[in-house]
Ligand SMILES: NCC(=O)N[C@@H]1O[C@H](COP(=O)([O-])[O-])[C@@H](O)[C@H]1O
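In the form predicted on its own, a lone chain appears below as structure tokens.
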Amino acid sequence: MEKRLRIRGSVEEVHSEIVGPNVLEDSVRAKVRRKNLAVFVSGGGSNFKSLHEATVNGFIHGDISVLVTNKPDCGGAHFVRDKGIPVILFPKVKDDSGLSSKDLVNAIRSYKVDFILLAGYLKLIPTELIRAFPRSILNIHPSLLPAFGGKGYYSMKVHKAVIASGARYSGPTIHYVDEEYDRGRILAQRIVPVLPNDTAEELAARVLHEEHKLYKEVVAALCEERIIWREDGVPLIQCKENLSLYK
């Protein structure tokens, strides 16, 4: 059972319907080429694993062509070693292994990557890469940006700050990447309530659950070319069922 969200003006209609095996081969998907994806990770890679599963089971009309990490022994890197996905080390480390920014751009291009997805990558993305892939790099952040974002706000630090602030709501944000931490155009968000007696760990678990679902849905739309840009530079996601409606 899969929930679908349709928006007409300010009215949201959430309904459930049984998704049959032919839904993934609908008319929208049939018109677009399957996309190549690069994923950047620094840690365990739970969002990366979720995205990988979604490409394998057909939910996402794309394939992960390469993994980029600044920590070659992280969980994400270990996960792909038996899956035929190459791993790139970036940036350079003390022993001079790893790629420069220019070499990273060339390497990503060599895999014919269409979109870059950050999934817990903690380094600032180089300007060279942002300019080489305009409007093609997404990040997921565990708060409702612009609140609790920017340099130093990552992982459990975000959830502790949310609870300490007294905020009643949190949740993941997916945004385009620019030259600053967590400042690019917001593409999608999902609200998670902050409960009165929440610990940071409890809030983090609920937010992460929504992260996995939201990131898959957004990347599916990205690969199906269902993201359009308003004249004022705001990105919108078209509904698969009716491209004149937006999520």
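In this text, all values refer to a predicted model and were calculated from it rather than measured experimentally. From 1 onward, residues are counted along the sequence shown.
Omitted from view is the form predicted together with the named molecule, to which the following refers.
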Decide whether residue 44 counts as a contact residue for the named molecule in the model of the complex under a heavy atom distance cut-off of 4.5 Å. yes
Taking 4.5 angstroms as the cut-off for heavy atoms, does residue 208 touch the named molecule in the model of the complex? yes
Does residue 153 reach the named molecule in the model of the complex, with heavy atoms at most 4.5 Å apart? yes
Although the named molecule is absent from this view, report whether residue 122 comes within 4.5 Å of it in the model of the complex, heavy atoms only. yes
Work out which of 162, 140, 116, 104 lies within 4.5 Å of the named molecule in the model of the complex, going by heavy atoms. 140
Pick the stretch from 45-53, 216-224, 190-198, 60-68 whose residues have a heavy atom within 4.5 Å of the named molecule in the model of the complex. 45-53
